[in-house]
Ligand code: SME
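This document opens with one chain alone, in structure tokens, the form predicted alone.
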Amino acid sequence: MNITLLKNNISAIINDANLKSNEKRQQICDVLRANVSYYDWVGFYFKNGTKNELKLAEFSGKPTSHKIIPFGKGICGQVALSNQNFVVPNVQEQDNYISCGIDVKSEIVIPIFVNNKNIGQIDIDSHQANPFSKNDEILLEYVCEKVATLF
């Protein structure tokens, strides 16, 4: 994974005045999934209005039935409450895990903040066990900072 190249690609997408915000987020999902071999599903979830739940927005990968996730449920729901990055090396070891498919072995979720408020997150599923490193957190935190500028 070339973090510098990916950051440059993300910045170019964010700065493209010809794209709408949702198109930018979709392109980010597509670029991340295409360029990081172990990113098998990449998606954004955002707070669903005033409800204490997340709603699926743009994603790249197999369609999921998890379009709405209550706060506290699963990895994404936990991040909505904790406001902390959550790296899960092995999803089978998590009691509060929502299975998105039999192939998913690990997950990383990074919150998105606007004015110090958690408005959503980026969620990555991998079919490999324990592939995520500090570099993934650095890259995805950067992505979230850039996506926050769209709000």
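This one's a predicted model, so the numbers in the text were calculated from it and none came from an experiment. Position 1 is the first residue in the sequence shown; the rest follow in order.
What comes next is about the form predicted together with this ligand, which does not appear here.
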All of Trp41, Cys100 and Glu107 within 4.5 Å of this ligand in the predicted complex, heavy atom check: yes
This ligand: the contacting residue among Asn85, Asn48, Thr64, Gln26 in the predicted complex [heavy atom, 4.5 Å]: Thr64
In the predicted complex, Cys76 touching this ligand (heavy atom, 4.5 Å): yes
Non-hydrogen atom contact Ile122 with this ligand in the predicted complex at 4.5 angstroms: no
Contact label in the predicted complex: Ile69 to this ligand, heavy atom within 4.5 Å: yes
Heavy atom within 4.5 Å of this ligand in the predicted complex - qualifying residues of 126 to 140: none
